[in-house]
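Below, in structure tokens: the form predicted on its own, a single chain.
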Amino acid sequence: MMDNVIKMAPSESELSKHQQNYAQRVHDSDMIEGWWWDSTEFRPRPDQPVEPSGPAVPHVWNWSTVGPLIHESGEVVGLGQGPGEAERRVLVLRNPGLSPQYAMTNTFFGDVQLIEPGEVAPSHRHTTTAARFVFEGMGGWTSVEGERVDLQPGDIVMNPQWAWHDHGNDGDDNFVFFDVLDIPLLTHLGTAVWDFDYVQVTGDKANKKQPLTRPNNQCMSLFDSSGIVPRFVSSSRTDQSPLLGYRYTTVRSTLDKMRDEKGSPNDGIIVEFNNPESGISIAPTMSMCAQLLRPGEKTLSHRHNWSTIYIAIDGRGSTVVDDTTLEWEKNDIFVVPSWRWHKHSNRSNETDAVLYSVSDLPIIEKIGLRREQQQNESGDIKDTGWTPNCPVWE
């Protein structure tokens, strides 16, 4: 118990016996003093930071290390729900600053998943949202609530909250993809739940995958034309995008059409994936973007109070986060925590670099606390600040 006193009292040796006795009785009652015992200067409590802060650190997971390990996992464990099998064959990416948590950022979990030829990952569902980025394999697919989306490297597929889904591989090569889920956030809120009992749907224990009730890739046929949406279908939830997948060919074509634009000084040519029906983010807790760094392009530094996971899709580059330089190339994954100065560079003067990113910006916006600082070429800082809440009298 006295360890808590030491944390709160740098000058514990100077405390009177009454003060020490009082502190001990407080701690024995599952409480802690809401002040510093050291009265020589003003200090906020440890739970009162004066700037946005968190334990996550900048980090990169290089595909040169991750790739061989995830492929080897197929020799280590089978896929399924039986003895000696993994319900999902994944390697979890853990931020060194958040260990032992299964977390990449304060709000997001990430893993790399392998499905070998002919395998099916059993159907399950969860209250968490999942975004999946395809790295390897030409015969992979994901089915969500009766609709199958066929996938290729560079494609993205979404799993909305509480939707039954399974994954399979009809190709000749391993199907490998990267998952991002909002598990840490929902766990902290006490709302993270999984359901593995698909038998309640099919009535057949041997049936690992869900029956298809809609044509393959139907959502893409209906919703992948920007600004044009059908009026003869409607979604059950307006906060979940009805578009389950994004083709990399479409994403790359969109970025290429904008390559002559000035773009963002901090992110180059950047686009956001939105719900085509509502125009808001793809999910209540996730914003997802793609950005193009043209040959030799270097961005200016900025920081903001939302955390971001980046996935390198094409090219090679580097991202400087405070004093840390993260070098990346195709299929590398890296994290920029909240409120860290960062800037990007394309390390090639001949080829493009393309990044996907996932952030928790929608959460920050929903609670009204979005803040960003940007540096210009002269080093001056523009601060959006916090928006005060005060009455306006007319």
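Numbering starts at 1 and follows the sequence shown. Quick caveat: nothing in here was measured; it's all calculated off a predicted structure.
Just so it is clear, the following notes concern the form predicted together with a small molecule, a form of the same protein that is not shown.
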Give a yes/no on whether L181 approaches the small molecule to within 4.5 Å in the model of the complex, heavy atoms considered. yes
T319: touches the small molecule in the model of the complex, heavy atom cutoff 4.5 angstroms: no
- Might E147 be said to contact the small molecule in the model of the complex, defining contact as any heavy atom within 4.5 Å? no
Q.
Taking any heavy atom pair closer than or equal to 4.5 Å as contact, tell me whether R303 reaches the small molecule in the model of the complex.
A. no
The stretch from 71-79, 247-255, 164-172, 268-276 that lies within 4.5 Å of the small molecule in the model of the complex, judged by heavy atoms, is 164-172
Exactly one of R294, R94, K209, H124 comes within 4.5 Å of the small molecule in the model of the complex through a heavy atom, and that residue is H124
From F135, Y198, W141, F109: within 4.5 Å of the small molecule in the model of the complex by heavy atoms is F109
Q.
Counting only non-hydrogen atoms and a 4.5 Å threshold, tell me whether V90, Q113 and W194 all contact the small molecule in the model of the complex.
A. yes
